[in-house]
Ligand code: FAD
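The chain below stands alone and is given as structure tokens, in the form predicted on its own.
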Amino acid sequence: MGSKPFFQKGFGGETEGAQPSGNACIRVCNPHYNQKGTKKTMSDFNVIVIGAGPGGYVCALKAAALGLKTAVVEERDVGGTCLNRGCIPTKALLHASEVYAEAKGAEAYGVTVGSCAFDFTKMHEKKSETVAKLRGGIESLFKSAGVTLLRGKGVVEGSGKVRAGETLYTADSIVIATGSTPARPPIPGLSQEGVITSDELLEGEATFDESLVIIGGGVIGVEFASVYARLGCRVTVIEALPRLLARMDKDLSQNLQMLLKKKGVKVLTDAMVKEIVRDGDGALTVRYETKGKEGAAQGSRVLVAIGRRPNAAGLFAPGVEVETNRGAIVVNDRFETSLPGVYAIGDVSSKIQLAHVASAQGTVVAEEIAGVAASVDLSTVPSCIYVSPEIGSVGLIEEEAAEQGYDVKTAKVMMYANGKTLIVGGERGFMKLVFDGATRRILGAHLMCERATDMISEFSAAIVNGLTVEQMASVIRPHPTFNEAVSELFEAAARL
């Protein structure tokens, strides 16, 4: 337990006592909790969370675990965009297309496959089956945790007041976790049939396109390009910025662009879309301008994948306002909005729109409301992109580290000599490390290789805990694995 003084904050002022250890102590030591371990309240709930996506449902479950009487308001399916129209269905299709590609190349491994074909409808059915199972799992977790699921659109009617459908509820605290929706730029012709967003592609009918134009070379765009290119679709990616994945390490961008082109994807960068028109044969033509020259790309459909915008439409009742910035809800360092007792997490307020960021913020906000210390470090956020090979990135890139005044050193290892990579026939990949030459502390890591999305967490842990190159080099990693290349990377860095 320890003897360090602890001030329980958040409800009814501050109460001095021993430092709590675990949820049980919080409930026993805190006079604001009843004998059942639930916080006392005159309201309907201690916490009402609006939105059951990865931020909202994690926040609700954490709040309930901390003894707060909790409800979640959701007008659509639980799981939010990530589960129903984003991360999970996209990765399900990526895996299906990968299985097909591996089957086509099976003879190289001495495996004879008869007729090799894909059924796009069945791919979507499998995707939907996976989504349904996970959705049911979340609802089961709500029941076992005692979280009340309220159906209907959630509307904030003031501090402590939320309308769910036709019913008004009261709460000590409100957490907004309504996520985001696909952005649709003001491009002429964008509203016509066949011009779709990722939401519509994943939720609509399983229609395979022989040709597809993707506007946007960010995460969403390159992942869908990978799916369709593997299945033999003629794909064109149009990106307005100078390179794909423009905010990530340049080596990742350049390598990805080269590999996509190798797979038959036409990549156009520095290209500004001017309009979308339908030709006489029914195809869609995207007209663009690049370096002063006009060009055109044709496809049976056009996928608009230029990012997402905060989903705050209709969230507040007339006369109720919070501070916003370009549509995003503004919050302080405690995730509280300008409306007292109302918090916002995830895509609706965050600069980083990632499911795991929303979940981490949900945990921290639940702890804030319950008056306990934050258990998650929000300063270091890994990013994952499920192309082939996978991309995992965390921390600073070289340019950012230099701007912040570090003595920037980098180390890099190629994966062509890695035994596991050769066994599976992995494509050109690498691992890159950014560290401070003065302190030897790790600043960033950028991987493009098989299982990069699983391995990046090792680097995240190193950054969060301030570990050095030499400390990470001292770890034994098993052979043969993709992960043993991490040892080679730190050994190379240790020589610098």
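Numbers for residues come from their place in the sequence shown, where the first is 1. Remember, predicted model here, so these are calculated numbers, not experimental data.
Form predicted in complex with the ligand: not shown, discussed below.
Among the residues Gly395, Gly160, Gly86, Gly371, the one placing a heavy atom within 4.5 Å of the ligand in the predicted complex is Gly86. A heavy atom within 4.5 Å of the ligand in the predicted complex is found for exactly one of Ile220, Val408, Val364, Ala101: Ile220. At a distance threshold of 4.5 angstroms between non-hydrogen atoms, Gly194 is out of contact with the ligand in the predicted complex. At the 4.5 Å threshold, heavy atoms of Tyr386 reach the ligand in the predicted complex. When the ligand is considered in the predicted complex, Lys250 lies well away from it, no heavy atom lying within 4.5 Å.
When the ligand is considered in the predicted complex, Asp77 lines it closely, a heavy atom lying within 4.5 Å. Comment: 303-311 is the region of 413-421, 107-115, 327-335, 303-311 lying near the ligand in the predicted complex, near meaning a non-hydrogen atom within 4.5 Å. Taking the ligand as it sits in the predicted complex, the stretch 352-371 comes within 4.5 angstroms of it through a non-hydrogen atom at Gln353, Leu354, Ala355, His356, Ala358.
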